[in-house]
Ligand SMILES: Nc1ncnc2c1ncn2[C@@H]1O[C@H](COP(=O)(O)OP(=O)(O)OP(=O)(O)O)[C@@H](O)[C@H]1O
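Below sits a lone chain in structure tokens, taken as the form predicted on its own.
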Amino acid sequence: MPQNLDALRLALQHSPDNAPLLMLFAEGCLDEGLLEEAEQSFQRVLKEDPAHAEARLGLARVALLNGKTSQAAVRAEQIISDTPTCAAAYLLLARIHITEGDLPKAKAMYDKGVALNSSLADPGIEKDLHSVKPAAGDSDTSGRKRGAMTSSGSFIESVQEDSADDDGHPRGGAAFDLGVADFGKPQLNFSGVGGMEALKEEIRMKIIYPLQHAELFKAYDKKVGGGVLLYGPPGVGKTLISKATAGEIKANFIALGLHQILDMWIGGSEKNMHEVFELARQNAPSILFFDEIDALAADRRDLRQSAGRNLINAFLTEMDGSESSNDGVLIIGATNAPWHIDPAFRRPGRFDRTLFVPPPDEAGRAAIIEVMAQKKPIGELDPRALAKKTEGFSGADLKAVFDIAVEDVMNEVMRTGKVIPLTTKDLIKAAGRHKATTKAWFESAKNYAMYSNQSGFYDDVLKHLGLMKR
């Protein structure tokens, strides 16, 4: 199997977004116990198709193999809620209940799964469940105790004695679709992020030091946490630096996108918003990261429907912590379009700290290139030479350069069956075929910075463009 995995890795270099190939590779990694690689592959599938049931199930299996039984159960529950015909999710939930010693629930889940797909019958599970009968009225169709089910399918148990899982994460309560969201304490820190040195120092001053010296803030009756808005062109690493910030302070990192919050039912989106804030509060210190925050915090003057306005009002209420304390919770929002955000979000106590994330400078690009080259077959490489040829390139643009260079050599690799190292010449050639994606963003940002900058919000953009003295 390891040889097969090597072949799949090579094929993925040529076709990195091939979902069937990624699923095949992930399953192979699971068989070999390579859980981290399996998880990354499942996540890549979900990035392109968030509703991919098999990939979501794969993440649940990874969580179970890592000993995170409660997280695995939440994932499986959500899959069943979204795809009631997914028989494999019922069987996985049966295994989880067996692990937890709850055989009646396990039998209910197993029977449901086999009824949907008899070919999944498992003699091992049947042996564990021999002669077990589920207690009448004890479980609903999902196999858990009766309680409140939100419109998104998240479950809140009415009775729950064990309030935490093996990692100290809450069970029930603020459960939501962890099958897509990033949740946990990242291993990544600033040392794993190339470049961005000026931004890292700003983050240390505005975020990390206050959290590390919370007792000094308390002496002045100032709460630790609040909101930080990161804005800049797409692909410059706003998500990456947010995750690395959580890693620097050893905080829980909870990443959310628009699809985790929005719900088709009236009031459902507001409930989801409350649940994720509750999850962050119960796991403080934590960083609650909202990607594309402009979609959730749009200017209410642009909204005609009351549903969108209600969600924004709920978001503002949660940020204020008027009903629950947000002490120890840092809310980070990332956006490519800060001009679309409702001004109310920039009020003191909300996103009152703003950081511009520019494309990396030459030294930063060289550092990013060195990091990206670590997992590639590289021959002769001069990061500085490549950095000089990629002015204005974002981190995503540099990744595209590597991808183009890999595609250029893949024909020869597939013909000979041998790995061909990339060189500086290959990468510079690839860079010449790629245009920096940040230029279009700066064209739009320049207009706002020149004509809608009464508060000085876009001063950093003007400085970056050389239109204002530093």
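The numbering used is simple: start at 1 and walk along the sequence shown. All values reported here derive from a predicted model rather than from experimental measurement.
One more form of this protein should be noted, the form predicted together with this ligand, which is absent from this view; the next part is about it.
- Between the options Asn336, Thr354, Gln282, Ser81, the residue in contact with this ligand in the predicted complex by a heavy atom within 4.5 angstroms is Asn336.
- Listed residues Gly392, Pro234, Pro186, Pro210 were compared with this ligand in the predicted complex; Pro234 is the one with a heavy atom within 4.5 Å.
- Across the options 85-93, 69-77, 111-119, 236-244, residues that bring heavy atoms within 4.5 Å of this ligand in the predicted complex belong to 236-244.
- By the 4.5 Å heavy atom rule, the three marked residues Ala51, His52 and Ile261 all fail to count as contacting this ligand in the predicted complex.
- Proximity of Ile331 to this ligand in the predicted complex: non-hydrogen atoms within 4.5 Å are absent; the residue sits far from the partner.
- For Lys399, a non-hydrogen atom is located within 4.5 Å of this ligand in the predicted complex, even though that partner is not displayed.
- Heavy atoms of Val276 never reach within 4.5 Å of this ligand in the predicted complex, leaving it off the interface.
- Although the partner is absent from this view, Gly194 contacts this ligand in the predicted complex, with a non-hydrogen atom inside 4.5 angstroms.
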